[in-house]
Structure formats: C-alpha cells, structure tokens
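Just the one chain here, the form predicted on its own, laid out as structure tokens.
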C-alpha cells in the first residue's frame, strides 16, 4: 500500500500535471491558430471593453436574462463552480503539500467551511445528474461522456470527504482521492471540462461581436 501511495503521489502526480499543462497549452494554441487561419476577421472587432464587460456580467449571479429565468439552476451552478475551484486550492491539507514540496503557502479555508463546500459540490453533481435524466430537452443533448465527466468531477470530492471523516477504508480512499484528482486534472484539456480554459475566450468573442458589431448586449 505504501508503494502505491508513493507512486500516485509522486510519478503519477507529475504525469497528471504535465498532461494538464501541456494539453492546455496545446488546446489554446490550436484555438488561436485556427482562428488566425480561418476567421482572421474576428481580430477586427475584438475589444477589451466589450470583452471584459461580457465576462464580468456573466460572472455575476442573475445578471443575465437566462439566469433570471432559471433561478435554481443559476444558484446551483454558481455554488458548484465556486466549490469546485476554491475547495481544492484553499484546502489546508492541499496547501500544506505545496508548502512541503515547493515552500509555497497561502490562506486556507477553515475545515468546516471546506467540508460544507465539498458537500455542495457533491450535491451539485447529483442535481446535474437528475437534471440530465429528468428534463427531456437536456436528456436529448446528453451523451454517455457527459455522465463520465460528472463522475470525474464528483469522485475527488466524494473520496476526499469520506477519507477526511475516516469512513470505511481510509488508506484506500485516500489513494483513490489522489488518483481521482489526477484523472480530473489530466482530463480537463481533452473533455468538456475544457470550458474552464475556453470560457473567457468565448465570452470575449461574444461580447465583442454583440457590443462592437451588433451594438447590443449579449446577456
């Protein structure tokens, strides 16, 4: 068990970070090259003003019409993404690992807050699963990969929650927690999770087109 732990925390962790960084750079460079080759006209109306206006507006809860029309979905989506991003970054045990390895440390969440945010992420995954199964218009555009992505997103939080509370087999859960986190990290550039990379560019494009060309709002 110790050898397996050393492997997932050492070489496998480095491999996951390498795939994440390398894959992200590849996808972003590929996007920029594709735009330059096929849709160079986009550069003529790209605007910092309209780009930032759109990004900030869509980062504000209920600022867009669609958000106000789907209030429950909006609340769940914002809470889910907040927990998904902040919990791994600000979790005390994760920050301690960075400090041990690289001498870097930063402010951390209280354990109780991190616990609540973890539950919110898990509940959010459950909500999105039920929504895909229950709503015909969502089920129609859902493929098997969407369920896999939900599982990938939920696994690090489920295993981390169980390991933290030392339920069931702690050592196995802890290894599964590390492993599932590495799988999620490596999957980001190559699945729909890549929207975390492309969302700012999409919003910048939409905001610039609507603001600079159509002279309208994109929300």
Partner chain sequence: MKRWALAPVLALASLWLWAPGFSQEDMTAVDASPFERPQRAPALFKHDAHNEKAGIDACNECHHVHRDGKKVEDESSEGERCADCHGRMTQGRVPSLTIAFHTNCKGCHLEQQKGPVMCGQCHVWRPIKAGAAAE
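Here the structure is a predicted model, which is why all the values come from computation and not from measurement. Numbering follows the first chain given and starts at 1.
What comes next is about the form predicted in complex with the partner chain, which is not displayed.
State the residue from 190, 26, 170, 62 whose non-hydrogen atoms include one within 4.5 Å of the partner chain in the model of the complex. None of the others qualify; the residue that does is 170.
So which of 96, 79, 129, 85 gets a non-hydrogen atom within 4.5 Å of the partner chain in the model of the complex? So the residue touching the partner chain in the model of the complex, by this definition, is 96.
Practice prompt. From the candidate stretches 181-189, 149-157, 162-170, 47-55, select the single one in contact with the partner chain in the model of the complex, where contact means a heavy atom within 4.5 Å.
Written response: Answer to the contact question: 162-170.
Taking heavy atoms only, is residue 7 within 4.5 angstroms of the partner chain in the model of the complex? Because no heavy atom of residue 7 falls inside 4.5 Å of the partner chain in the model of the complex, the answer is no.
_Is residue 92 part of the interface with the partner chain in the model of the complex - any heavy atom within 4.5 Å?_
Yes - in the model of the complex, heavy atoms of residue 92 and the partner chain come within 4.5 Å of each other.
Contacts with the partner chain in the model of the complex - residues in 1-21 whose heavy atoms fall within 4.5 Å
Contacts from 1-21: 1, 2, 3, 5.
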